[in-house]
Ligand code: GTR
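First, one chain by itself: the form predicted alone, in structure tokens.
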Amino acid sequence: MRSRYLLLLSLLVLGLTAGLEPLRAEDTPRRQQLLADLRRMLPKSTPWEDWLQRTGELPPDFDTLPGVAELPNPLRFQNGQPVKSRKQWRQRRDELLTLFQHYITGTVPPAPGNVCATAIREHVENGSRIRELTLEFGPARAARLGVELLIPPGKGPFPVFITQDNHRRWALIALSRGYVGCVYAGADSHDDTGAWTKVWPDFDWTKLTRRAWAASRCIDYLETLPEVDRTRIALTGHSRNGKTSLIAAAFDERIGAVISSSSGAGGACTWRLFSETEFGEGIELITRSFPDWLHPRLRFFVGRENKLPIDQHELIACIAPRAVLISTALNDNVESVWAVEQTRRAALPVFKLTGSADNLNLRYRHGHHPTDAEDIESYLDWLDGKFGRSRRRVADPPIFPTYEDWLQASGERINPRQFPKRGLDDLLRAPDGAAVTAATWPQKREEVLDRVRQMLGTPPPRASDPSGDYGAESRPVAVLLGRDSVPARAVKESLSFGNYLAGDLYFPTNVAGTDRKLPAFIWLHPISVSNGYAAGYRRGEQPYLALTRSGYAVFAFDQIGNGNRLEEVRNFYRRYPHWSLLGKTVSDVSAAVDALSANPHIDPAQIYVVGYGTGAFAALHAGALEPRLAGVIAVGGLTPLRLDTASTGTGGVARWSRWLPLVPRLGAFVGEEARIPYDVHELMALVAPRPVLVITPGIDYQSTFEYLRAAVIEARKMFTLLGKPEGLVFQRTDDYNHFSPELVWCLCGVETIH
């Protein structure tokens, strides 16, 4: 038996080599340097260091791996060939599962084939049979797994609801609905799978993978029972158990339906779209905090998520054509509604190919991470529909608008060929070809501003508002969004401003009761769907609190589509079809300036905007369009639009227009980027002579460093022309793209941009 396992393992390894990076002797020094760089940048993880020491593994040579910022196409083989038929999909599925075992889950043994039940104890409660038992299997039947069955009255056969030990009360609800509840010891509350590493020492499977494999051993036993309907077996799980359930369903096709509840990173949220750049639980944090959940090899890809050959939507695709329900809480910081919707969109073509487009569904819950009885009842409603026990449809539509939604709502069709080609070298040329001077710049400036406004769309009428407390964020909402605590040396003032928006002003305690006026930052967060302006996951202090404790006032609010304003995004383009989400954010920044200018603690001449990621993009636009801002700090994710083509590996301008339609009119220029009417160097120039600080991480696949540097050099010409050559500062950090504590310290030294 053992020789059979080893043979299968060797065949698996041979199969892997087709899609994995080859190890060549000449690559070793470079890969050793890559490892040294990672060790320098990442927080220490003793389990990872032990694994490196034990295995001698090196990171891949990332230069040899394709950079794919968008979610990889599951219907394309590793060699680039498309998948055109269901038969080819079966081959692609095998390829994907092999890759997952290498990078994410670790390798798994074959089904043992000798599962038997022992120590069976059964009693009756209110007509239902409660059966407790131990499954034994594997070499010498050395592996054991505790299982409890909750069997309804009657002969059956009954559908099955499998879940983990800490979800036993879920199974009680399933029993009430006529399901066999199957509860197994594969959770933190009771886990029998840890001892299996000694039973199968030749496999490097991880904790979550062992627990997933345990669910399959339950099915081995369930299939022997006459009370069980083998065609209607469901697996469910919440949080880490939701990740487990997806892994199990991807590998075991006997699972007819799977419910992944709030599974987050490593579950229904992809690594590319729920990393630290979106304030999510990225690879660094999850592999350090829970080093045994997933394979240590995954940690090599911190900050280089675009180099991963696979991503989580492809794990879900491997479940097709069987039914999948992704349940997500709107303000749960372990996940992101936007990321989940992108996961579904990217996996959906496989479900369509297999004739099961209606089998990949979403369900949204209000609130945070926990579930309640109604949630589980609705899960069972969904299962009843999939198992033919009910005709009721339980699925929620997506919340975030798509580029296609905007096209339909606006009716706009932009022909990019009507726009001239431009580069990065025409800033100091007037439309008639003459050289721009300090005297003629105002005229050129208005022409550039018109082009920016044209792309952001037509804003509705607005009026200023000095702010007030009616409509300010309540404490329960602040607790939900993780921003209820304030450090000892800071004060938080919640207010309502602009078009009935909630914002929070933080300032040092030593200002209260004085006439002192402070410089202020308006904080623009990146995509941070669940928590808005507060980072759901981070290292160190919240950026806005660190700035406050350093002596600045900070005004923070949720951008549309994030935090307390998540659902506001749903109907935005129906209401304002010719505007844009980014235009709305810029308008909200202007409303924030109104509120801050009226505040007695704020110096209205020293109101700056600081943004990270998508917030940096918004900050540059706000600085260009709002003259009252004293300066701009833009951190991470920036690259010139006209050079940001699909071949750069950043995702191109599609990430601003098609993945999330912040500026949907840019979507017309995908493939015609040289014709985009304006670019980031022009935005910087529009801010001049006010100071601009641009910070770019050393490792940032969302930006091309040489292109961004060229844009800064061009923009600096305008600062020089206006007598402020020192006003544009460009810094590159020795780090990967995340908002690190060190970066906050850099921002606290903001006087360097004056």
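All residue numbers are counted from 1 along the displayed sequence. If you're wondering where the values come from, they're calculated on a predicted model, not measured in any experiment.
The same protein also exists as the form predicted together with beta-D-galactopyranuronic acid; that form is not shown, yet it is the one meant from here on.
Q: Spot the stretch among 657 to 665, 357 to 365, 109 to 117, 235 to 243 with residues whose non-hydrogen atoms come within 4.5 Å of beta-D-galactopyranuronic acid in the predicted bound form.
A: Flagged stretch: 235 to 243.
Q: Just to confirm, with a 4.5 Å cut-off on non-hydrogen atoms, which of Leu481, Val632, Ile286, Ala171 contacts beta-D-galactopyranuronic acid in the predicted bound form?
A: Checking each option against beta-D-galactopyranuronic acid in the predicted bound form, the one that comes within 4.5 Å is Ile286.
Q: So beta-D-galactopyranuronic acid isn't shown here. In the predicted bound form, which residue out of Trp338, Tyr537, Phe100, Tyr533 has a non-hydrogen atom within 4.5 Å of it?
A: Only one listed residue qualifies here, and that residue is Tyr537.
Q: For a quick test of understanding: in the predicted bound form, does each of Glu281, Trp293 and Val334 have a heavy atom within 4.5 Å of beta-D-galactopyranuronic acid?
A: The answer is yes; Glu281, Trp293 and Val334 each reach beta-D-galactopyranuronic acid.
Q: Is the gap between Arg445 and beta-D-galactopyranuronic acid in the predicted bound form 4.5 Å or less for some heavy atom pair?
A: Looking in the predicted bound form, residue contacts with beta-D-galactopyranuronic acid do not include Arg445, since no heavy atom lies within 4.5 Å.
Q: With heavy atoms only and a cut-off of 4.5 Å, decide whether His369 touches beta-D-galactopyranuronic acid in the predicted bound form.
A: Yes, His369 lies within 4.5 Å of beta-D-galactopyranuronic acid in the predicted bound form.
Q: Which residues within 86 to 102 place at least one heavy atom within 4.5 Å of beta-D-galactopyranuronic acid in the predicted bound form?
A: Heavy-atom contacts within 4.5 Å come from no residue here.
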